[in-house]
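One chain follows as structure tokens, the form predicted alone.
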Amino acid sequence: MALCIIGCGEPAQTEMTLLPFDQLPVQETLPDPLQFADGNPVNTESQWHEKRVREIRTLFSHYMYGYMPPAEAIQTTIDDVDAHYLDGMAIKKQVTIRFGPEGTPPLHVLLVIPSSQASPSPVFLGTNFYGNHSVLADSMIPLSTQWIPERGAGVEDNKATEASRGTSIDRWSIEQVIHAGYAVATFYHADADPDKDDFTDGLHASIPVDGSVARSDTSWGALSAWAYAIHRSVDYLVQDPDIDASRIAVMGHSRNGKAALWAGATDPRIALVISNQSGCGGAALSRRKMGETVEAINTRFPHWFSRSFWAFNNNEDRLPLDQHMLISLMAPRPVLVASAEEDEWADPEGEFLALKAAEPVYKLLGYSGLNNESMPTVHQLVGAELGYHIRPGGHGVGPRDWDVFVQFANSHFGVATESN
């Protein structure tokens, strides 16, 4: 059957047979990304890019994340510009991105750009957890009007309050990143889809897939909605004269790290991807059944993935894919996976092993990939196109993590700062 996979808006067709769950064979070892669906080997770069990539995207769309709709043309409004932001160190733009049928919720993108750059800036793009107002203590950033989980600081009755301003400053470390020569672009993921088991709001309720907004077994889940919104943000960034369209890095932490990987796997305009402690459904191998398992994630967050993924609860060995294949879809673009020693729920070793299992694809394309046989000690960034870092501590993201993200990006984007 012919299926359509959406990357940055251009449909890609591939012919392959997609078996129902009960007909999928048990595979206790990892599926080979360099083996076509018909069992033949992938031997050349052209075979990889022209056919195998499409097969793997089809597998992830059909069995795990759900199918995204085609790209919608965007219309943008620059709501606010501050050319002397952060004591003159930066330029702040607040951008509204609209797309889709009437009534589709817009994306509100906060963009902070180094003012000292003589040429367009590379940029870190990512979704945030609690609203743009939480990433900086700035009264000119409107409070999000979207639903916000109660765990957010300063949130009352699932709504932002003035007390929630700047509560995620360390998660984004914007001044630190600006000093390093990078712009930062972020939007609240609830602009695309609130993080709750409800498909009557967000993009799902407005943009049809195959002619309907009703949820089917292979409809897009929240992670696909967040990835789709990242694509629409890239649509804007590649047009902004202050941004270097060839140096767009997407970073995500935890559930946002899962979305960052899926966004990078389906949009080749994203030049570099960083997954921070994304775990199950992100960078960690599902077949290890360590930490958060497929059953655990589908039980707690049934809205993240497609309904077809639920069949693999306690049946990971029937998956015709695993997360090393997701990472391989980025090849030969750089991917950094960052872990933490005490974050056993995210399975740091499973994240490293997924990178290692993606390495043969990078080598087929003429790149070295990870180039490390075993997990490194803490604070040691290893790898080439595939990078891995583990630090002490638990689940979270902060300034010390951003030091590593910048270091990895510098090695591929050629950014030099005074601190380098």
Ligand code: GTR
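As the structure is a computational prediction, the values presented were derived from the model and not from experiment. In case it trips you up, residue 1 is the first one in the sequence shown, and so on.
Absent from the display: the form predicted in complex with the ligand. The rest refers to it.
- You can rule out all but one of 105-113, 263-271, 332-340, 250-258: in the predicted bound form, only 250-258 has residues with a heavy atom within 4.5 Å of the ligand.
- In the predicted bound form, the ligand sits beyond 4.5 Å of every heavy atom of residue 54.
- The ligand in the predicted bound form comes within 4.5 Å of a heavy atom belonging to residue 292.
- Contact check for residue 297: a heavy atom falls within 4.5 Å of the ligand in the predicted bound form.
- The closest non-hydrogen atom of residue 395 lies within 4.5 Å of the ligand in the predicted bound form.
- This chain lacks the partner; the member of 172, 129, 124, 309 within 4.5 angstroms of the ligand in the predicted bound form by a non-hydrogen atom is 129.
- Only one of the listed residues (301, 199, 85, 236) places a non-hydrogen atom within 4.5 angstroms of the ligand in the predicted bound form, and that residue is 301.
- Contacts with the ligand in the predicted bound form, taken as any heavy atom within 4.5 Å, map within 327-352 to 345 alone.
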